[in-house]
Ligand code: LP5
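A lone chain, given as structure tokens: the form predicted on its own.
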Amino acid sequence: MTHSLFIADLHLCPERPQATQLFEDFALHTASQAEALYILGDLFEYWAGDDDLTDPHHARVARTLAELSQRGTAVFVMHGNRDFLIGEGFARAAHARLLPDPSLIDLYGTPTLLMHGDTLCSGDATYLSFRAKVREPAWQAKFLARPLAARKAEIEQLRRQSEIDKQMKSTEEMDVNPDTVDAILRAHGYPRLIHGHTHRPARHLHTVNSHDCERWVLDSWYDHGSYLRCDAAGCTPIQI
């Protein structure tokens, strides 16, 4: 049956070669059977700019996606909170199409809203303020004009600070806000919602203005690989 696959939060990096190998095997043996593969953010642990495609690990991931596309599977990539600097250079190398966040698609007859999921965590005001700043074109242009090594050093510093900050935040702050989810569903006509970011895989049912809306949260790839398989009959989570 014609189907599409959804993944997020792989956090691929040279320090986790087993995850990269798992992704490569998944792409070429499982995703190649699908009509489309949607990567809903944080494909990489971090992304300092498209000029980092000279890194052998990053080039390997791009080649894997390009080969998948050449086999006939459409590849879509959405920015996450770790790799929001992915640009058209990576998209060309990977033969992928960049998706805005959010994106509403017709998935085999069911309107489906795709998001990374970080904007649903509206209780974390500090993060949302940071997110708004780094998504500004002027900030990105200034950052990307710096030498690659300097960008990587700053990102490493930000990552360390982020880990410290997480220790000070409650579970509620770092999870999605139900009212924000309901507002998003209402604004987009009560679709199905698929997102990642929280690393809390589950299927939720939201009733909004008497409309039942299904919400799928994708799993991360830290302990194992996983994906959501969707066709005309519905969606099924599968662990690799």
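Each residue number is its position in the shown sequence, starting from 1. Source: prediction; values computed, not measured.
Heads up, the form predicted together with this ligand isn't pictured, but that's what we're talking about next.
Visitor: Mind telling me which stretch in 23-31, 42-50, 188-196, 207-215 gets its heavy atoms within 4.5 Å of this ligand in the predicted complex?
Guide: This holds for exactly one stretch, 42-50.
Visitor: Might residue 99 be said to contact this ligand in the predicted complex, defining contact as any heavy atom within 4.5 Å?
Guide: It does not: once this ligand is placed as it appears in the predicted complex, residue 99 has no heavy atom within 4.5 Å of it.
Visitor: So in the predicted complex, does residue 174 come within 4.5 Å of this ligand, heavy atom to heavy atom?
Guide: Yes.
Visitor: Might residue 90 be said to contact this ligand in the predicted complex, defining contact as any heavy atom within 4.5 Å?
Guide: No, no contact at 4.5 Å.
Visitor: Does any heavy atom of residue 82 come within 4.5 Å of a heavy atom of this ligand in the predicted complex?
Guide: Close contact exists here: in the predicted complex, residue 82 approaches this ligand to within 4.5 Å, heavy atoms only.
Visitor: So, a 4.5 angstroms cut-off on heavy atom distances: do all three of 155, 162 and 166 pass it with respect to this ligand in the predicted complex?
Guide: Yes, because 155, 162 and 166 each have a heavy atom that approaches this ligand to within 4.5 Å in the predicted complex.
Visitor: Let me know which residues along 125-142 have a heavy atom within 4.5 Å of this ligand in the predicted complex, or say none if there are none.
Guide: Residues within 4.5 Å: 126, 127, 130, 133, 134, 139.
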